[in-house]
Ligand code: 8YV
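Presented as structure tokens, the chain that follows is alone, the form predicted alone.
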């Protein structure tokens, strides 16, 4: 059996895979064009991908041997799930192993945004710091503030726990479905409608999955509901925020600041976001610790090998809707 590992990964993971299957690895870490990806997958039984590889019906039709694609990520908006299911191709992802690490980063990014850490560092590095003053880079408190969470899954819950238990924050959230009462109590979180969330949050953190329904869930109208002193942190997916509308709101100080780890069309970043000082920008690194990225790679390998050797993949996406292969 042959597999493609479409992006660079830990050498130890490749060694493990090679004990079971023939591996074509991309340790140069080039991002393949759609045409090159189809060519490289045309004779493969399986693949490990990241969010940069689009798996759709056209690709799958050109790769009839393909049986499983294992995403090294929680999100899978790079997958056309119905197209894969209809063609009998199993898709998997890597949930849970990155929950706590991503929550750590989300909270750190929110705090850096609230306390204007990046903005003040740029000021210092530019040699502009000449004296102390009472209003120099005054930000907003995190402790005791109202933390709003849009999307209360595993990561949202982990952020809520940090805020409520570690910083004495009032936690409000909005989700498509309300959490059970016992879980709300454990997290000290209160469900509110979306408009209330936007109006009352001092620090709004986005942790919802990307879909057609969540595209531009935060746009000009939503930003207009937020406090002028509020911050917005996005560790979810690009496209959930209308980046152009956000840049305008930041420039006009209609909200205080934003922290962004994800962007529409990344790795491209909307040029207006690069010209406003009150935003902290990071290159999609919320899960970037050695232990967590290794756990993600190992879980992707577990999924791939189980699917190819007759086992049960630990974290399938579309197993229930999978159509028999012809």
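Residue numbers count along the first chain shown, from 1. Note that this is a predicted model, so its numbers are computed, not measured.
The same protein also exists as the form predicted in complex with this ligand; that form is not shown, yet it is the one meant from here on.
Heavy atoms within 4.5 Å of this ligand in the predicted complex map, among the stretches 121-129, 162-170, 142-150, 71-79, onto 71-79 alone. Using a 4.5 angstroms threshold between heavy atoms, residue 284 counts as touching this ligand in the predicted complex. When this ligand is considered in the predicted complex, residue 203 lies well away from it, no heavy atom lying within 4.5 Å.
In the predicted complex, this ligand sits within 4.5 Å of a heavy atom of residue 98. At the 4.5 Å threshold, heavy atoms of residue 296 reach this ligand in the predicted complex. Heavy atoms closer than or equal to 4.5 Å to this ligand in the predicted complex belong, across 232-264, to one residue only: 237.
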